[in-house]
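Two forms of the same protein chain are encoded below as structure tokens; each is given separately, as structure 1 and structure 2.
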Structure 1
């Protein structure tokens, strides 16, 4: 019963959270001057303008549009894009989602992998050159925005050295081809993961190294390598495992700035264009879907805590 009540409680919280996010997004867009049709109707006859505003419901009062929008969201109908005529939100997500997913997964796999290796190196070499090197590198990578790295990589390796294309992306549906187009955006987006995971694993390993059972293992004659592999590293992975689901969720929803810089036709680029053009259906649809994904991942993360640390109960507290 406790588990059932917990699940019901989390479901209600998720629904309320989604409602608040959708409502806030709608009214923030409504308060912004202008609308998605303003630029298109400047030179059109009044009758055509009226029909366009009627077609997209922009001729109605704000509260009426809000109720229509929320009713559509409740039925899973996000509506038709205003700036991308004939395309629904579902069509755009289905078409552009795999592009963002491939880019994000490549960034995550490279960034998390390198970050974990650097974190191990910094913890094992604590107080030595490699420790300070990783610390300085992490500070640098976390301080400089991905947008700056993207522009620098584009300028050096694409414009000057001409090793890679300046912009572009493989054709839709191609997951394992066109690698030359993916190298620079993958590098530009992986630096944040490297910084975050190297610091996280280093801190976790240093904490575990000070535990009594590690000192006991060393006193029993185990080599330093055996202690690190079988005791320290294994127990240090708990915060890594619980953070990974959120990382996966973040990486597959699109890199807004990187996709814009490299003209990658993913969800991030479309979202930025939709916000700039006040395309309410696109912004509302992507925002709600991304928020729902994050809420689901947070729930999975809570479940993972109970798996990797049996002392934590799903209903809260410790055993």
Structure 2
């Protein structure tokens, strides 16, 4: 019963959150000067301009457009792109989502994997050379924007050494082919994960290593290796596991810079371009869908907490 009430409460909060996000997005877009048509009508006579605005419903007052948009959202109808006539958000996410998702997952698997190894190394060798090495590396990787990495990798490994193609992506709908195209974009985007996860795991491990039960384990005469593997590592994984779902969700939204540099038909690039072009239906649709995904993932994360950490329990609405 407690769990049921908790779920209802979460669902309500989720809906309210989505509503606020949609409303905020709509009005932020409406407040932005200009609109999707302003460039097109620059050279048009006034009557034609008026008719064009009528055609896209942009002649209506803001509140009326807001109501129309919200009504559409309720029915899952986000409207058609103003820039690419006839394209709907669903079409675009179906076409471009998998591309961004594959790239994002590859980056994540590589980045998190390497990051965790480095984190363990830094924690185990605390205060020694490897510890400082990992700290410096993490700072370096986190402070250089991935646009720079992308351009550097492209220049060295594609243009100079010709090991990989300069741009491109395997044809749509293929998850495992054309790995050659994915190597450089995967590398370019994994550094942030390496930095974040190595620091996260190191901090978490150091925290656990100071716990009494670790002292107990050591005093039982277990080897350092056994203590790390069985007692420290397992318990240090809690922040990692709870953070992973968010990372996965972020994958799907894609990366503007990397997709732009390597000419990858992903969602990130498309989204940013849509915002720049003020393609309201597309931006609204994508924002709401991605926000819904995030909210769902946050919910999963909360459930995960209770599974991996027995100290946390769901306490629905009790004061």
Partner chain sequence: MKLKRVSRILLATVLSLALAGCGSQTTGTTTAGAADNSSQASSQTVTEASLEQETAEGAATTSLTADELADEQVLNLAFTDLSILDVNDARNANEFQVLSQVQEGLFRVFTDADGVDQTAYAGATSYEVSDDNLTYTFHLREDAKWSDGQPVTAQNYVDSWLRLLDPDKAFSYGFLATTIAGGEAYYNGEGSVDDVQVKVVDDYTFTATLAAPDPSFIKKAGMLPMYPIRKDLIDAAEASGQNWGNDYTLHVFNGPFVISDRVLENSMTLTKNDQYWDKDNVILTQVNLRVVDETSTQAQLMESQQLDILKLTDLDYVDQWQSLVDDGTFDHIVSTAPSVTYLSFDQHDAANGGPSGLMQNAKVRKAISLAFDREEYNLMFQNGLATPAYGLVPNGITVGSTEFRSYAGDPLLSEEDQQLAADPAALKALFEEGMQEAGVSGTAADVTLTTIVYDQTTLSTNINEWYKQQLADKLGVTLDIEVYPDVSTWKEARDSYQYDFYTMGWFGDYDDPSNFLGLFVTDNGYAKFMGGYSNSQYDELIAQANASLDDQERLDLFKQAETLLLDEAGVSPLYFENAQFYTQSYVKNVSYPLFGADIEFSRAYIAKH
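Remember, it's a predicted structure, so these values are computed and weren't measured experimentally. Here the rigid core means the biggest group of C-alpha atoms that line up within 1.5 Å when the two forms are laid on top of each other. Positions refer to the first chain, counted from 1.
The first of the two standalone chains is derived from the form predicted on its own. Shown in the overlay between structures 1 and 2, fitted on the rigid core, is a CA shift at residue 75 smaller than 2 Å.
Relative to the superposed core, residue 52 undergoes a C-alpha shift of no less than 2 Å between structures 1 and 2. Once both forms are overlaid on the rigid core, the distance between the two CA positions of residue 159 between structures 1 and 2 is 2 angstroms or more.
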